[in-house]
Every structure is written in C-alpha cells, then in structure tokens.
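The chain below stands alone, shown as structure tokens; this is the form predicted on its own.
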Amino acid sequence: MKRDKKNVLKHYTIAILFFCTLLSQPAWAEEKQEFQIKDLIFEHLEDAYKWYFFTWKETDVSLYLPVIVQSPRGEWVVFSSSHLEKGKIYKGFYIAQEGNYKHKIVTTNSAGEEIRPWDFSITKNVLAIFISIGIMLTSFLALARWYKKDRLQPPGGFLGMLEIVILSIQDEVIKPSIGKEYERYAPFLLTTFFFVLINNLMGLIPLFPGGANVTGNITITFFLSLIVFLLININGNKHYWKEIFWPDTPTWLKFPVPLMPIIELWSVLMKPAALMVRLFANIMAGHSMTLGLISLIFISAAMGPAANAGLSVASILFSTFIGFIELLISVIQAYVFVLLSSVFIGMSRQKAEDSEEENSES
C-alpha cells in the first residue's frame, strides 16, 4: 500500500514537471521576445472590451462584447468590440495603446486631438456584474418560492445554507450594530454582502464566467462606499450631526478655531474611504501575488529546463497556497465590508440616551 502511494506521488510529480515544461515552451522558443511580468499582471487585472478564453492555433478565442459610445458629433454608435481588434479603427474609434487612455476606446476631435467619448460599453467587469446579479436573483427568488409553498418546512441543501448565511449576517452583524432600526437597512446590507462575496469568489475562478476583477477595481469599490456614505449622512439624526459640529469636548477645542469639528468632518470622509481602499487593496493584492508567482514559470524559462522545472513546481505550490488564502480573504472582506457599514450606519442613528447608557455601563 505504501509502495502504491509512493508510485502515485512519483507519477504525479513527473506529470507536474512535464506540464510545467510544456507550459513554458513558448517562452523558450522566442528568446528574442522578452517576457514582461508587469504587462501580464495588468492585462489580467484591467477591465477589457472582450472576455478572453484561450488561444487555439495562434488564434484568440474570446467573447467580444458590445461597444456603446457617442461620437464627437453626438451620434450614438453600437458595434462589436471585434472591430477594434489588433489596433483596427472602426467608425473613427480605436483602442489607445499608450498614454493616459491606454486600453480605453478613444476617438479624435476636429482638432485631431485624442479624446475619450461617452462610453457605456458592456465591458468584462460589467458583464461579470450582470452575471453575479443573475446568480443572486436566482438564489433569492428560489428561497422565496420555497417559503411561499411551505413556510413550516425549512429548506435543505444550497437553499438551507443560503438561509443560514442570511440569518447569521442579519442577526449577528446588522442587528447588533444598527439596533432597533436594522430592518430598514438589512436588505441593502445583505445584498451588498452577497454582491461582494460572489464577485470575490468568481474572481478566483480562471474560467468563464469567472476571472473578472470586479471587486479589485477601485471604481466598483468607490461606488459601493459612496452608497454607504450617502446612507450614513442622509439618515444621520440630530445627535450624529451635533457630535460632528459641536462634540462634547472643551469649548476651546471648538471655538474660535473649530479644531474638533474639522477632525470630525474629516472622519466622515475617511469612513467610506476606508471601506473603498480596504476591499480594493486586499483583492487586488491577492490577484497580483498569484499572477506574479505564476509568472515565475515563464521568467525561469531562460534559465534552462532544470531550473525552469524546479521553479515551476514551486510556483504552482505557492500559487495554490495563495489561492486558499484568497478564498479565505474573499469571505472575510465581504463580512468586514458589511460589518463596518453596519457600524457606521448605527453610529449615525445612535441617540443621545443610547450613548449615555453606554458610558454609564462602561
């Protein structure tokens, strides 16, 4: 039995080495072409106008997405992104290869200057968002239909697990953080939790419909944080605004120089900024580390077959380890985003008597 296990391990190791050798073969064949790790990483992390699948016989197999742009003359133009492949120009539009608008669709104005048109294209990240929304709607409506049929019988399988997660986030995170008014904000916060979680997990899957870097895009995290910022400050009560403009501190800290109000106002901006940067940085860093480790396979190709095989095995092992860490981080970041959002909303709805009770208990 032990001998069989050793043989299996031996054959498995040989298979990995052989696979890594084949994988790095194109890099050996083109010694003149330098492998650019930065280009590889940013190419996979940036948004795109197509969804690349794989290369077959030197041909990229991709899903070309619809481009929706406005021309300088005010006309709306809709076409497939396949018309812009390999630097092609279609109806005056093309993808910039350098400059401030690199990898974005641009056109030229009457003065011959390169400008960005109004761009409402369905990009890779946008399509990934639509897919995640579809997953959420399918799951939530299936759970709702279950209880519509039989409210006394709890669901099992995936729906049962979904119910457990929903109740856990609502009862252990949202309700204690916000208080009595938690039901008013629970739908948004639960939707945000599942949106972040699903997109985090889909970003770890290398094959379609996974692979999009949605939550690692600062534009996405910015708008999520902006919604939380608006919820906090639009629904903030009198006590919340009093603590900002006239906090319970010595008068000389508030007048004539409004030192404390300035600090409190700064914290109003820093709360959503912390949400935005925390989620973006953690997801972006995880993807970058994984891509960097995988790139060792191609970088070590110039060192020869022996060194390449050894570093390829190390690269795969470390990439697998980082993959499990990313899986854990994906869940934690969704949890933390909703936890902090709930805490910030709860602070804006806290009444004066509630804070006095907390101070007396402490």
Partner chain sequence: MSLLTPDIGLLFWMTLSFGIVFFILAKYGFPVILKAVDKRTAYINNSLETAAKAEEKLANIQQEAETIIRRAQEERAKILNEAGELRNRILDDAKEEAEKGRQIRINKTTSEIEELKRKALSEVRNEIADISLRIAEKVVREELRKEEKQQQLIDHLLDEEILYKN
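Computed from a predicted structure; not experimentally measured. Residue numbers count along the first chain shown, from 1.
Just so you know, the form predicted together with the partner chain exists too; it's not on screen, but the next bit is about it.
- Proximity of I220 to the partner chain in the predicted bound form: non-hydrogen atoms within 4.5 Å are present.
- In the predicted bound form, L45 approaches the partner chain with a heavy atom inside 4.5 Å.
- Taking the partner from elsewhere, E113 is found to have every heavy atom lying beyond 4.5 Å of the partner chain in the predicted bound form.
- The partner chain is not shown here, but in the predicted bound form it comes within 4.5 Å of a heavy atom of K104.
- This chain is displayed without the partner chain, yet in the predicted bound form the stretch 132 to 140 from 265 to 273, 203 to 211, 132 to 140, 69 to 77 comes within 4.5 Å of it by heavy atoms.
- In summary, among the residues I244, I166, L291, L84, the only one with a non-hydrogen atom within 4.5 Å of the partner chain in the predicted bound form is I166.
- Residue-level contacts in the predicted bound form: of P176, G92, G156, P187, one residue has a heavy atom within 4.5 Å of the partner chain, and it is P187.
- Contacts between stretch 231 to 262 and the partner chain, counted in the predicted bound form as any heavy atom lying within 4.5 Å, involve no residue at all.
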